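Only one chain is shown below, in structure tokens, and it's the form predicted alone.
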């Protein structure tokens, strides 16, 4: 698989099989991700991998929070507004999902709340003293992780819903107080029988967001 093939074939998968991921596969993916670039080689990512009973407790606690309508409070604040161009792209998201997935699109919200039934979730943190440039580095790490996952036969999805309830994650993962939870990435073997995974979001043509200056 070439880099171009990986970039064009990677998609966010929203339903996973229950099969556990072999530890050697996870280690391979994490080692690949660690090759990501960072400011002055600072490598600011602090990584927690939830599997097995730990992940089941997290999922159960999240389900309880959703049932009680507990307000989601991710530690990296959500965007408060979007540009008109971003709103236009977002507006077509659900109709396109219905186009690709049919009735399976109705699972979208429920699967989000169930962490997509993933057998492993990678949680990325950074030290609180670091600023937004380190978040940029964590973004590079995330992309590397998901591309390596694809090469190693895994599906992935990065989602803010995975870090909706930091107090749950801090308790179950023993996250130190000096770290800020940034985002989660669910990993697993894609459930090919679930049509929700047929979704392929559109990309804007280059002329909408690229300017060549000569």
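Positions refer to the first chain, counted from 1. Bear in mind the structure is a predicted one, so any value in this text is a computation, not a measurement.
Note that the form predicted in complex with a small molecule isn't included here; everything after this is about it.
- Only one segment in the set 154 to 162, 57 to 65, 42 to 50, 28 to 36 has residues whose heavy atoms sit within 4.5 Å of the small molecule in the predicted bound form; it is 154 to 162.
- Note on contacts: among 93, 110, 86, 129, the single residue with a heavy atom within 4.5 Å of the small molecule in the predicted bound form is 93.
- For the options 201, 193, 18, 204, the residue carrying a heavy atom within 4.5 angstroms of the small molecule in the predicted bound form is 201.
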